[in-house]
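Consider the single chain below, provided in structure tokens and representing the form predicted on its own.
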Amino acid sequence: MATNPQISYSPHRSEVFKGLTGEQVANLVKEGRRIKLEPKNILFHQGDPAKNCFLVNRGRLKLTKLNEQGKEVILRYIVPGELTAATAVLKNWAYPVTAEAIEETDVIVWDKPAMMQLMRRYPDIAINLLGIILERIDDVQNRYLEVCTEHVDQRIARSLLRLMRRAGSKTPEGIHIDIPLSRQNIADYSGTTLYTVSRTLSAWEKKGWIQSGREQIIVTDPHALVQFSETG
């Protein structure tokens, strides 16, 4: 761990700091500390007392939860500029999920007293955090509705589009999802089976909608995938 972290992702672009000046953001970042994670390192475990919240500076986290049968469910990927675990910390809960680094990842850490002090000093942080929490609740509700009402192929399409919008970069071939994604990861994220994902992705590759390799997905025809997600 190190104090006074040097930020590679510009934190003033983070939604949680919207409305703050660059100088204000720099000052509050100095009050945090940095943790560096190697791929597959665990930042926190589901059920542990929630003591710290984290802003991803570089890299990505995978948030997972075990269901009653012990199966891992992928709930969300946290990308640079996003905050995680703030609600659990502020409410004195346990961490509701496990956070795992999926690549080399740097995070900035604040404990509860520091976060409370920052929100009192900069009320915009509290307002922005409320908006982020509501957005994530809406995302969970939409995904639950998809599971209840849509065909599995549509859910897979929506999952890829969701990941593409959050972590996509343009390439000559199409939009590359900058997250290592195995077909099992996609199955877990979409709430389906590995067999169904493999069958579906193979069909979409033949149609020219996507390209897939080892833990890599490129959406080559986003418009076709959007249309399919909406009409099935």
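Everything quoted here is computed from the prediction, not taken from an experiment. Residue indices: 1-based, along the sequence shown.
Not pictured, yet referred to below: the form predicted in complex with another copy of the chain.
Asks: From the list Val152, Leu75, Ala114, Val79, which entry has a heavy atom within 4.5 Å of another copy of the chain in the predicted complex?
Replies: Comparing distances to another copy of the chain in the predicted complex, the residue within 4.5 Å is Leu75.
Asks: Which residue, Arg33, Arg199, Arg166, Lys65, is the contact with another copy of the chain in the predicted complex, using a 4.5 Å heavy atom cutoff?
Replies: Selected residue: Lys65.
Asks: Heavy atoms within 4.5 Å of another copy of the chain in the predicted complex: does Tyr189 have any?
Replies: Contact check for Tyr189: yes, within 4.5 Å of another copy of the chain in the predicted complex.
Asks: So, Asp221 and another copy of the chain: in the predicted complex, are they within 4.5 Å at any heavy atom pair?
Replies: Contact check for Asp221: no, nothing within 4.5 Å of another copy of the chain in the predicted complex.
Asks: Check Glu104 for me: does it contact another copy of the chain in the predicted complex (non-hydrogen atoms, 4.5 angstroms)?
Replies: No - in the predicted complex, heavy atoms of Glu104 and another copy of the chain never come within 4.5 Å of each other.
Asks: Glu15: heavy atom within 4.5 Å of another copy of the chain in the predicted complex?
Replies: So Glu15 counts as contacting another copy of the chain.
Asks: Going through 126-162, which residues have a heavy atom within 4.5 Å of another copy of the chain in the predicted complex? Please give them in sequence order.
Replies: Heavy-atom contacts within 4.5 Å come from Ala126, Ile127, Leu129, Leu130, Gly131, Ile133, Leu134, Glu135, Arg136, Ile137, Asp138, Val140, Gln141, Asn142, Arg143, Tyr144, Leu145, Val147, Cys148, Thr149, Glu150, Gln154, Arg158.
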